[in-house]
Ligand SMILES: NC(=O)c1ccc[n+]([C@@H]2O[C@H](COP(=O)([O-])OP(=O)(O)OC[C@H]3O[C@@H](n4cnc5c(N)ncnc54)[C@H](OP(=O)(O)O)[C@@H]3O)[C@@H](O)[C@H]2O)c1
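Here you get one chain, nothing else, as C-alpha cells; it is the form predicted alone.
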Amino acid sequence: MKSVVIRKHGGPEVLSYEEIPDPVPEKGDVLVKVNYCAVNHLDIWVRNGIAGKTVSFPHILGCDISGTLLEGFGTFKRGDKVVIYPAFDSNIPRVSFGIIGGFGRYKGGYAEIISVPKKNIIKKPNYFSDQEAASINISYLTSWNMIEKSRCKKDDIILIWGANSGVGSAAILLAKAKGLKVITIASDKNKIQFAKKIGADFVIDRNTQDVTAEVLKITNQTGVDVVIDHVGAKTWPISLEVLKVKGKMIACGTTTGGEAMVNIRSFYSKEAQIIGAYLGSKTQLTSLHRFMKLKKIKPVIDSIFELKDARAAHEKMEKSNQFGKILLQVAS
C-alpha cells in the first residue's frame, strides 16, 4: 500500500512517501481503507520527537480519520463509511490513553489501509462528507470536551487562543452555538476577518494590541469566565491573568512549549482552576456529531493535499497559515 512513513525524528523532510506492506490486523482489530486523514499538531510533535516518548520505526502518523470498512463485523457491513475514534487503552502508568498514529503501538492514517480496534469504529453520520468527517475526531472533539469541562452557561465570556487553528476555529463555532460570548486572538488582518466570519464577538490582534489590557477592557476589568488555551508556554501567564474570580483555564496543547512560568499568587488569590483536557470520550464524539447536526455546524476546512504531499501540509501547519483543518486525501 502507499503510505507516508517516518524512519527517524526530524523536520518535514523525514516524511517519506513509499510503498509498504499492508497491515495485518491483530485479534479484535479491523481493516479500514482510509479516505481522508486530517493533519494535527500531534503529528508534528511525534515527527519531531519528545523526550521520554518513543515510537517503533518505521512509524505512520495520522489520528483524524474517515474511511471505508474492508470487512464486516457485528452490525457493521463491508463497505460502510466510518470514522475512527482515535484513542486506545494505554499501558503506560498515569497516562489516560494512547492515540492512534501518536506515541503508541497503532500506526496512523497516512496510509491507504489502517488496522484499528473494532471498538473504535463509528458509522459516519450522513450529515458530514468524508472530508468533514475526518476533521472532527481530534480538534472538534477536544474543543467539545474543553467546553463541557468548563460548565459555561449562556452569555458567559470565553477567551479562545489561535482563532485560525483547528482547535481555535472549532472552539469558536461550538462556543457560539452554546450561546457563549467569544473573545479570540489572531495575528493578522486575514485571521481577524476569519475569526469574525465564524462568529467571534471580539477579536484581539496579538501583534498590535496588549492582550491582557484588551480582555480586561472588554470585560469591564472583571475578566473572563473561561480560557481555552491550546498554545502552551507563551500564553499560560496571560490566560491565568485574565481569568475572573473562580474562573477556569482549560488547557490541551503545548505548541509553544510545555513548561510555563505563572503567577502563583494571582492563581490562588482568585481561586482559579486549571483543568487539563486530553481529547474526549467515544460517547462525547457521538454526542458532538448530534450537536453539530442539530446546530447545522460544518467543520471549517482550509485545504486538502494529496497523501504524497504530506510534507507541504506539515510545512503549512508549522507556519500557521491555515484557516481551519488541513486534510490529506488518501483514497484516489
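No experiment lies behind these values; they were computed from the predicted model shown. Residue numbers here begin at 1 and follow the sequence given.
The next section is about a form of this same protein that is not shown, the form predicted in complex with the ligand.
Heavy atoms within 4.5 Å of the ligand in the predicted bound form are found in one stretch of 105 to 113, 147 to 155, 74 to 82, 250 to 258, which is 250 to 258. Mapping the unseen interface onto this chain, V231 counts among the residues with a heavy atom inside 4.5 Å of the ligand in the predicted bound form. Not displayed here, the ligand is approached by T235 to within 4.5 Å at the level of heavy atoms in the predicted bound form. Using a 4.5 angstroms threshold between heavy atoms, N35 stays clear of the ligand in the predicted bound form. Using a 4.5 Å cutoff between non-hydrogen atoms, L15 does not count as a contact of the ligand in the predicted bound form. Proximity to the ligand in the predicted bound form, defined as a heavy atom within 4.5 Å, holds among L279, L69, L288, L307 only for L279. A heavy atom within 4.5 Å of the ligand in the predicted bound form is found for one listed residue only; from A195, A133, I138, L159, this is I138. In the predicted bound form, the residues of 42 to 80 lying within 4.5 Å of the ligand by at least one heavy atom are, in order, L42, W45.
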